[in-house]
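Presented as structure tokens, the chain that follows is alone, the form predicted alone.
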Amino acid sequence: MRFLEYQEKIILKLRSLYRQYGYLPYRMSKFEEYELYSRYKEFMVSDRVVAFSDTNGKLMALKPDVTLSIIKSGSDVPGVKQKVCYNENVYRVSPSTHRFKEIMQAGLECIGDVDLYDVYEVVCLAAQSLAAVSERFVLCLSHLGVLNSAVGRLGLTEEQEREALALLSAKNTHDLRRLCEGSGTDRAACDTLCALAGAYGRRADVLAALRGLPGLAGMEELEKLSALLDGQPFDDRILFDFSLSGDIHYYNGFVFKGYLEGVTGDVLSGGQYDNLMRKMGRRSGAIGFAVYLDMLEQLAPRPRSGDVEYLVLYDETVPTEAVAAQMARLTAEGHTVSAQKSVPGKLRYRKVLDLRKGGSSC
């Protein structure tokens, strides 16, 4: 199976899953006005975009982000939630090649009067999205309220806070302590942050450890969400991991990442992004996630040797009915087949069925 076919099957599974929960397909243009991405570049994965001048002279950009376009198109209505799902190509600089790459994403956004149920629903759908690809997965959750309350007690500068969160993400408690000690911060506050760096695993175990740490905000939300997840499908694969910090300018509340066995890096990323909503002049809450479908190439079944299994050769001496009958038989048996009047120069095949006079099969 080719990767594109594999990718298409995953997209169909995800679309069906999201529609089941009322997430309606969202379609957008491949490009937006450049000004949108220029204004909010601090919220994007990469601030480099492919830009061009439209026929009217307006500067446009190939879409590097989906969420900004969705937020821009909506409005705040009390008590109402905009639930959309998508599969779209975005255009970003690849971290590995440092060149622009077309990346297929699938995901969903829940924007509006978001509450704990919506957080629960989106987290469950994130887990089910990973399971649609492979049941060998983990979904890791964190909460920025917890992290920010711990970091806030340290009295660090903004630059030092960014460094502390980077060290937290790397689980580098040695340098985290060095940073705290060099800044003259309270030892107990430093101990709390270092403990969060190692707070990973089963939700019940992590919650038990966190209850012993002083001054953490967001604990009530953690307890409630974890209780809702108990007993749900895949709940044993939904873990807490407080080394996940996310972009504090973009996210607030819960953040999460999904990982699949056999794939390097996270294949799913999401969280609550009320901070971005406020920056864009919206009053509502928001939560969503994206599945990076290009990452799944590492899991796609290896293609069979060749482009097709059978090459069926015929000429004007062979009745059309005979060609149609052989094609029907081979495709019914599950083979891939190409009917040709001569052998294409670049076509790779495993077997030949030659229907021409004097032809032989191999």
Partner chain sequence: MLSIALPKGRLGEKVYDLFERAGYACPAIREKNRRLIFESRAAGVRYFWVKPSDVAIYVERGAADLGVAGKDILLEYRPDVYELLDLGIGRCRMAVAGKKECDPDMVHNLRVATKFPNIASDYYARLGRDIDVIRLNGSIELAPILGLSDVIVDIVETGATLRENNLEVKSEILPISARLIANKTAYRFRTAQMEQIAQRMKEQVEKQ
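Because the structure is a prediction, the values reported are computed rather than measured. Positions refer to the first chain, counted from 1.
There is another form of this protein, the form predicted in complex with its partner chain, and it is not shown here; the text below is about that form.
Participant: Looking at 219-227, 202-210, 255-263, 180-188, which one sits within 4.5 Å of its partner chain in the predicted bound form if you count heavy atoms only?
Facilitator: Partner-contacting stretch among the options: 255-263.
Participant: Which listed residue (V93, L116, V80, A170) meets the criterion of a heavy atom within 4.5 Å of its partner chain in the predicted bound form?
Facilitator: Contact residue from the list: A170.
Participant: Please pick, from C140, V123, C194, V84, the one residue with any non-hydrogen atom lying within 4.5 angstroms of its partner chain in the predicted bound form.
Facilitator: In short, C140.
Participant: Is E159 near its partner chain? Define near as a heavy atom within 4.5 Å, in the predicted bound form.
Facilitator: Close contact exists here: in the predicted bound form, E159 approaches its partner chain to within 4.5 Å, heavy atoms only.
Participant: Against its partner chain in the predicted bound form, would A127 count as a contact residue? Criterion: heavy atoms within 4.5 Å.
Facilitator: Although its partner chain is absent here, A127 would stay clear of it in the predicted bound form, with no heavy atoms inside 4.5 Å.
Participant: Is there a heavy atom of L244 no more than 4.5 Å from a heavy atom of its partner chain in the predicted bound form?
Facilitator: Contact with its partner chain, yes.
Participant: Heavy atom to heavy atom, is D235 within 4.5 Å of its partner chain in the predicted bound form?
Facilitator: No, D235 is distant from the partner.
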